[in-house]
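One chain comes next, on its own, written out as structure tokens in the form predicted alone.
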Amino acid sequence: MPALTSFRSLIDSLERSGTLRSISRPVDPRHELIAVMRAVQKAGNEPLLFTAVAGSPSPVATNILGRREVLALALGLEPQTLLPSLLALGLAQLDPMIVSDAPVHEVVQTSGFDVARDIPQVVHSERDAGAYISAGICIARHPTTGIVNASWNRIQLAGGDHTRVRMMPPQHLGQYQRVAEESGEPMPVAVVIGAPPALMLSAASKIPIEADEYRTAGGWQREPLRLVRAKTVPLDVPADAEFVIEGHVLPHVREAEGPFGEFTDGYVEVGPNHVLKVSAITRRRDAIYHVILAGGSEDTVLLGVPLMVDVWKKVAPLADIRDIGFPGHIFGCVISLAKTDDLQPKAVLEAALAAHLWMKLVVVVDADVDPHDPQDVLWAIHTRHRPDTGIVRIENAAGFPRADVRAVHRGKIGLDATAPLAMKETFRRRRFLGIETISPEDYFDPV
């Protein structure tokens, strides 16, 4: 099936299928909107469209890619084979296509704008310093090589043409900015909101600095990404985006930014960050503003799937891998396999823990365990794991490197929660005939 090559086509598809939940009740963008979304993530985890956000010039969409199945739909792939399919497609990059018909240029503001008025002022967490763009992909071109980078960066909306953007090496965008700053030059940047799904995923991927996220996105959607020239900066931007904010990151200028509730569910405190001076805001006439909660379901899917592709690449040669999930967080994973040798889980655990710096806890389960279901995974650990021999432990290995918490992220551990092959029949799971067709609501007495 074909990929959905714009954020708007994904919204429309979810609406037609009845998956998208629309909320017309008025909500406050300061805390209430995020609180509603967080409650939904902990219940049915549906995609949401808020159509009556107080003071907002646009409706707000959130949790759109909060389910892995929706990401697979957006890319035109099967959920069951998403990881190996992305690994294969990543090798077939496609050059983007420059177009002149651009929905994102239906409305163009190059003066008189105010980021505190023209952008929805969504505040996420209790201690956040104010409203942030949380679903903005920063597009920049390397000052000397010309290679385009796309990355997710949080942006604080200060007001007028003034924003503060989080970027620093080793992130590629931070490396680009350092080169520009060494020359004393402002760095042109375009912030894309409501981007094509394949670009959202490629911007979250840990692809090499010499690679181009536009070409990767084209390969993943099997169709060239449609780009248009920006209005005030020398960059090409996604023609079908909802919003694009254009501007320049100023050299040798830092301002206090934060605190901000981050994806580990704590806060990044106040620190000096870069200033992005806005020169234009362009958008669709009926633009939908996209919001992502750091550490929420959508953020976890976008960050986690590329990491699991890296893990799949390392472990697939070692065993018959069925799937990889990341219930809980992305500092670990659960690998489902059909083992043919009792030594395979140990080899898979060692390879997975080495696949990425962030991998801290890895569990290997049998093919009859759902690696996306934390209850099923815990069941396997309780009933099949042998603590005295089924552990791979790596002392003092480096993990998540953020300075304020890296002391905690030392060491790695792997758990073999597979049944011994010699006891395969003993551990065969019972079945409940007919359960696949049962809907409990059909059996309840009327209330």
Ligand SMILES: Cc1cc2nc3c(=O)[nH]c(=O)nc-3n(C[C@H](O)[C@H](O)[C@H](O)COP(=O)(O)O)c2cc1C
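Worth saying up front: this structure is predicted, and the values here are computed from it rather than measured. Residue indices: 1-based, along the sequence shown.
We do not show the form predicted in complex with the ligand, though everything after this point is about it.
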{"query": "Exercise: Glu213 in contact with the ligand in the model of the complex, heavy atom 4.5 Å", "finding": "yes"}
{"query": "is_contact(Arg117, the ligand) in the model of the complex, heavy atom dist at most 4.5 Å", "finding": "no"}
{"query": "is_contact(Ser336, the ligand) in the model of the complex, heavy atom dist at most 4.5 Å", "finding": "no"}
{"query": "The ligand contact in the model of the complex: Phe326, any heavy atom under 4.5 Å", "finding": "no"}
{"query": "Stretch in contact in the model of the complex with the ligand, which is absent here, among 94-102, 292-300, 342-350, 312-320 (heavy atoms within 4.5 Å)", "finding": "292-300"}
{"query": "Answer option from His356, Arg284, Lys360, Arg166, heavy atom within 4.5 Å of the ligand in the model of the complex", "finding": "Arg166"}
{"query": "Partner-contacting position among Gln156, Ser125, Ser279, Ser151 - heavy atom within 4.5 Å of the ligand in the model of the complex", "finding": "Ser151"}
{"query": "Candidate spot Ser134, Gln171 and Ala204, all three touching the ligand in the model of the complex (heavy atom, 4.5 Å)", "finding": "yes"}
{"query": "In the model of the complex, residues of 362-380 near the ligand [heavy atom within 4.5 Å]", "finding": "none"}
